[in-house]
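Presented as C-alpha cells, the chain that follows is alone, the form predicted alone.
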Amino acid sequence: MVGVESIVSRDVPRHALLIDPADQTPDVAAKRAIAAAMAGSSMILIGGSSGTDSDNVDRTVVAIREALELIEWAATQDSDAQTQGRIPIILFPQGANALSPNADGITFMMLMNSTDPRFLIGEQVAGASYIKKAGIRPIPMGYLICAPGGKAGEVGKAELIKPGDVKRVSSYAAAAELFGFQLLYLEAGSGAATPVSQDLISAARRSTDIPIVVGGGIRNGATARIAVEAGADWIVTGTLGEEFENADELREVISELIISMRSNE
C-alpha cells in the first residue's frame, strides 16, 4: 500500500486534486487523476458534499488506482524516467455511506463548526468499524467551513467563519492541535466565488504547527500563492479539474499552478 505519512508532514507546498464521483464517470476521473499526477500533484482526494455513495466512490477509486499503477509501471520500464511512486488516493467523504476499501487512506474528520452532532461525531462512529476492518489508514483532521461555504456549508449545517473572524479561527486551530488532529482544512466551498481569506489562514497558522489544507475558490496560481504565503501547506482544487475535458490542457494548468504557488516571486 502507498504510504500516506508524508501527507501530514510540512515540506514544500503541495497540491491535491479533489475528484467528486457524482460529477464525472470513473474513466474521466482516472484521466484527470493521471493529468494531475503528471503535472506534479501529490494527492488525489475522492469525495463530495452530496450525490456520492459507496458504489460510485469505490468505482472511481478503483479506476484511478488502476490508471496510476499503470503509469507507475510504465515509468519503471523507462531507464531515463524519474519515478516518484504512485501518489496516494485519499477519501474525503461526505459520510459513512461513501467509503471504499480500495483507497490508501481517509481524512477521518470532524466538521468543527457544524451545529449538527452528525458531523461532529455521528458519521465518524457510523463508519469507524468499516474503516478498521478494511484497513484504511485514517488521517485525523479538523475541518472548518469558511464563508461563503457553498454546498458544503449548507449540507454540514456550519456556522460559517467570516473573513474577519481571526480570533475564532485561531481558537479552532489551537483546539484542532490539542485534539490530536494531524491536518486542519479551511474550506470556502466548492466553486466558491472567493477563497478563504489570507487573514484567516495566517491566524490559523500562528495558532498551530500542524499542516493546513486550503480549498475552495482557488482557480489559478496567483490565488494559490496567496494562500501559501499566508501559511497553507496544501492547496486543493476541485472545480478547476472539471473545467477541462482535455487531459493535456488540465495537466498544463495544474503544472502552472504548482509552479506559481511554489514561486518565491
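Numbering starts at 1 and runs along the sequence shown. As the structure is a prediction and not an experimental result, all values here were calculated from the model.
Not pictured, yet referred to below: the form predicted in complex with a small molecule.
Enquirer: Honest question, do Ile89, Asn102 and Gly105 all end up within 4.5 Å of the small molecule in the predicted bound form by heavy atom distance?
Expert: Negative, none of the three is within 4.5 Å.
Enquirer: Check each of Tyr185, Phe181, Tyr172, Phe119 and return the one that places a heavy atom within 4.5 angstroms of the small molecule in the predicted bound form.
Expert: Answer to the contact question: Tyr185.
Enquirer: Going by heavy atom distances of 4.5 angstroms or less, which of Thr239, Ser202, Ser54, Asn220 would be at the interface with the small molecule in the predicted bound form?
Expert: By the 4.5 Å criterion, the partner-contacting residue is Thr239.
Enquirer: 211-219, 225-233, 27-35, 57-65: which one contacts the small molecule in the predicted bound form at 4.5 Å, heavy atom to heavy atom?
Expert: Within 4.5 Å of the partner lies stretch 211-219.
Enquirer: Even though the small molecule is not shown here, does Gly189 get within 4.5 Å of it in the predicted bound form, heavy atoms only?
Expert: Gly189: yes, in contact with the small molecule in the predicted bound form.
Enquirer: Does Leu18 make contact with the small molecule in the predicted bound form, using a 4.5 Å heavy atom cut-off?
Expert: Taking the distances in the predicted bound form, the answer for Leu18 is yes, it comes within 4.5 Å of the small molecule.
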